[in-house]
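Presented below, as structure tokens, is a lone chain in the form predicted alone.
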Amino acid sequence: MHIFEQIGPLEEYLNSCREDALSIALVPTMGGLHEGHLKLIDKANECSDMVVVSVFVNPTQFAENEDFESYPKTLSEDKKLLEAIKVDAMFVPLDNEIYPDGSSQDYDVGEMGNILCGISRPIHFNGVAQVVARLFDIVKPDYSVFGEKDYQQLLMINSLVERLGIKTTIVSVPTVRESDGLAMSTRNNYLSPEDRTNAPLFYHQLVATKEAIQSGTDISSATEQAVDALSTVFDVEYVKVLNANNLTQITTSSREIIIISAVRLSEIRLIDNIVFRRSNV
């Protein structure tokens, strides 16, 4: 595996790959790699001839009161893991490589950045847009792979690529879960043993809400029931049932539905969602 910390040598390597007519896929990560990341890499290998995995804890997507300083940093373990699965290249840049002129670029992420997670994390999606656009500019990948757990982020990146005319195909991978249903996340490492036992109730309630809607419960009632049930264990930030294509309100013609939610468990923020087809449309 080739490991790059600076842009110049990475670009030289990628240009040589392109001269050999190899297609390139990028998997952007913030490290703390787990099985969910490996599924993204598997998909990247399916899409392309060679894979670049970036590891960069992006400061611009963290607010002052968030966990930038304490975010799990497991670079040594991440390198060993990527070497073991024979990833072609790992990009581990310093801040000044990603943001040589500072991080003042302001991306208009539109209404997508102002709803759901954008309400409690108002700078988050702007920061994600900055780093993704920058990584795409550096790597110029043919494909880039993202997980569907961060569904709002996925739609925002699709919109960014379209708006900026970036010639990268965005590929998504379904949420990878632990055996008890909890969506895999680096931040799950923060959970105490007791909280880890309770955390799967989040997903189980989303499944119950889906089943209620499919059995005929109206969306408003099903949402209220979900909030009430989740509130016995979690601090509920939001539970919404929306059009999965654009996170707008459901209409009579909406076919793809998403139940999307964010909660806190002892101050640890968890997000999850379920997408399903509306059976009566």
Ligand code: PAF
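So that there is no doubt, residue numbering starts at 1 and follows the sequence shown. Keep in mind that this is a model prediction, so the values were computed, not measured.
This next part talks about the form predicted together with the ligand, which is not shown.
- The candidate spot formed by Thr29, Asn58 and Val131 lies fully in contact with the ligand in the predicted bound form, as each residue has a heavy atom within 4.5 Å of it.
- Just one listed stretch, out of 236-244, 42-50, 220-228, 29-37, contacts the ligand in the predicted bound form at the 4.5 Å heavy atom level, and that stretch is 29-37.
- Exactly one listed residue, out of Gln153, Ser144, Ser185, Thr209, brings a non-hydrogen atom to within 4.5 Å of the ligand in the predicted bound form: Gln153.
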